[in-house]
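What follows is one chain in structure tokens, specifically the form predicted on its own.
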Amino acid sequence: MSEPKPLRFAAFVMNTTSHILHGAWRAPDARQTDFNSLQHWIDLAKTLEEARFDFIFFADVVGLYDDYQGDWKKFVDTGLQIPSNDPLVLASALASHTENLGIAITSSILQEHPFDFARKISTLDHASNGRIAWNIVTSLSQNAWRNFGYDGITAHDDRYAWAEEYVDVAYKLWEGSWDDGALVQDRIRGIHADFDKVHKIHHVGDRYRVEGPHLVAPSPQRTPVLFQAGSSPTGRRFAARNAEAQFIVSPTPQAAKGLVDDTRRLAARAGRDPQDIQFFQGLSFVIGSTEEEARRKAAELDEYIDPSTIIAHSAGGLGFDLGFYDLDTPIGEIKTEGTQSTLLWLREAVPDREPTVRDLAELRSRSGRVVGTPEQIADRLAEWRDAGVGGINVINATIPNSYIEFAEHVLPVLRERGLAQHEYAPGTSRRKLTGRDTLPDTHPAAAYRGAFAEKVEVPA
């Protein structure tokens, strides 16, 4: 039997002040209030690369979460993901100051036409020499949808049907529009590209009509590394078809194993190799030289955490204002078209009874938190790896100290135990994640390689 692979590590961040552990920005060592500074992000990227992190993973939103206690004042008062800047704009700058760190960008199907988005991603993949990843999301807030001219959010399963067409358009552009070797740049003959190897895609679907061709020649990865975070049944099917890495927030390694096994079963049903998907668990860490010190630091962190803002965040993801609900209200009484993964996570965390709003408040404030010495943390991470988790999305309390402490105290122990890499593998982010430079032939994007070789003009 082969030796288990080291875990992959991503830094889970957002171009805002208050991302996940709301209120922690008030701590004396917190610098996430500098989010408007490009140098802030460049310095963090350099720190992560020096520590041999695999990715900096940018979350993003394109609207406020739904109201809390009747309006959106809470979000502005506490900085709950507002103000929030576009992470895609940072990517080329971070790429120019690093050589190996992957750069994962969250972008919703709602916010940009797939033709323009595919062009930007290809450009960034060129600029980074193949280190771009895309976290595919469908946007879960009413405000986000109204920002783009809709009356309200589209039903959960319909959003994923939309996402399927969106990614298919991108796949056609990335994989099918240009053949290998099309860009010849022959100075003697004066031929820049081989016309017979460049193709229009003529996509006609329920939402999009895209003629093509892709305006960018093939980038190192063509299709970027694909992340996806849906844990609902529909989200898992989408991940099983499309994702190379799935971001999960399971409450225990045992719950993660069930999700991993089910998604891999669905991947096999979709005709893919189940092992082509890696799973990144979101965890935060409080590290001490002794267990007592770690628990003291956790108590100090709790002094800054704002539980009501965490409820506002979680409730916004559900698409329901929990601000007026009694804390003992069963979650099952709340019907929503919002994110189903939050409900699934809560039921997994409270398996012996129907969870309540109070459970959501208490559990979310400490969800995914690992408290202990570096050795104890390594023990815990080994359990996640044994459950089928291939990577950890490291959630910060403060930037940059959460990552500096993890790099200085935990990673050396993990490397001693074979749980973290010593050096980067050569090549693109895909090779570093999966061992290959291109998508496997069983991925749906691969079906478009050579699919448009016959130049057929389709009437408008």
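Every value quoted in this text rests on a predicted model; they were computed, and no experiment measured them. Position 1 is the first residue in the sequence shown; the rest follow in order.
From this point on, the text means the form predicted together with a further copy of the same chain, which you will not see here.
Under a 4.5 angstroms non-hydrogen atom cutoff, a further copy of the same chain in the predicted complex has L38 among its neighbouring residues. Proximity of W162 to a further copy of the same chain in the predicted complex: non-hydrogen atoms within 4.5 Å are absent; the residue sits far from the partner. Residue contact with a further copy of the same chain in the predicted complex: A30 places a heavy atom within 4.5 Å of it. a further copy of the same chain is not shown here, but in the predicted complex it comes within 4.5 Å of a heavy atom of T78. Highlighted residues G63, H97 and G149: every one comes within 4.5 Å of a further copy of the same chain in the predicted complex, counting any heavy atom. Here the chain stands by itself, but in the predicted complex one stretch of 246 to 254, 189 to 197, 287 to 295, 321 to 329, 189 to 197, has heavy atoms within 4.5 Å of a further copy of the same chain. Between the options R265, R358, R353, H113, the residue in contact with a further copy of the same chain in the predicted complex by a heavy atom within 4.5 angstroms is H113. A heavy atom within 4.5 Å of a further copy of the same chain in the predicted complex is found for one listed residue only; from V210, A378, A270, L363, this is V210. In the predicted complex, Q111, E112, H113, F115, D116, R119, K120, T123, L124, H126, A127 are the residues of 111 to 130 with at least one heavy atom within 4.5 Å of a further copy of the same chain, listed from first to last.
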